[in-house]
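For reference, the chain that follows is the form predicted on its own, supplied as structure tokens.
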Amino acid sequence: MSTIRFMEEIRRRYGGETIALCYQCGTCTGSCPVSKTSDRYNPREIIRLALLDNRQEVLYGDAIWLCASCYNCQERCPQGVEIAEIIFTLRNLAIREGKIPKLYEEFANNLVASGRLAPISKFLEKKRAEYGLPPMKPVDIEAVNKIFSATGFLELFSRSKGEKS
């Protein structure tokens, strides 16, 4: 069985097609509001690691989860590298390998259970009434589950949770 280089695996996936165009100019990092506030996130470094076949470091580190999806990097890239899309691709690969941060796992659990990322608290319900807003409508959980089923989310999420146990 031949080994596929990590960069090639990314390039073959939707969203990762442009990774090989990166020539490491650093415009992405210079444009990134997250990298200005945290040393832990550097889009140029993530791309470099991926190009150098450092699959484990990229997928099992926390850097790919720090992207704010603002697209500044992508809009300014002189090579047209779709950096934000590559980050989404890397996140999807990480999830497929069972690597999902606790916060995202909690979001997914809430979505599956209630159709919302976070539960609606009594405090929020009370505040809405005080502001003259209508009560939150219940989520059609059956419709949400149909979407999850059709997209493979439930299977992927279940497999991700099962690999952690």
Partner chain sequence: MKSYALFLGCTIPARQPNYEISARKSLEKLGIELVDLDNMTCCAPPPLRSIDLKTSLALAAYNICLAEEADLDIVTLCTGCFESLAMTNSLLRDNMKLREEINGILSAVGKEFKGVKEVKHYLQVLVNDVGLTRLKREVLKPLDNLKVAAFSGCHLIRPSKYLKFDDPERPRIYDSLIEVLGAKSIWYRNKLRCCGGLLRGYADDIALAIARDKIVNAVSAGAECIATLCPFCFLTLDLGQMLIKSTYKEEYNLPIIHYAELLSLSLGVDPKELALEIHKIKIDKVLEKIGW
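Residue numbers count along the first chain shown, from 1. Only a predicted model underlies this, so the values are computations on that prediction, with no experimental measurement involved.
FYI, the form predicted in complex with the partner chain isn't displayed, but the following is about it.
The partner chain in the predicted complex comes within 4.5 Å of a heavy atom belonging to residue 133. Although the partner is absent from this view, residue 36 contacts the partner chain in the predicted complex, with a non-hydrogen atom inside 4.5 angstroms.
In the predicted complex, the partner chain sits beyond 4.5 Å of every heavy atom of residue 55.
Heavy atoms of residue 137 reach within 4.5 Å of the partner chain in the predicted complex, making it an interface residue. Taking the partner chain as positioned in the predicted complex, the residues of 138-155 that bring a heavy atom within 4.5 Å of it are, in sequence order, 138, 139, 140, 143, 144, 146, 147, 148, 150, 151, 153.
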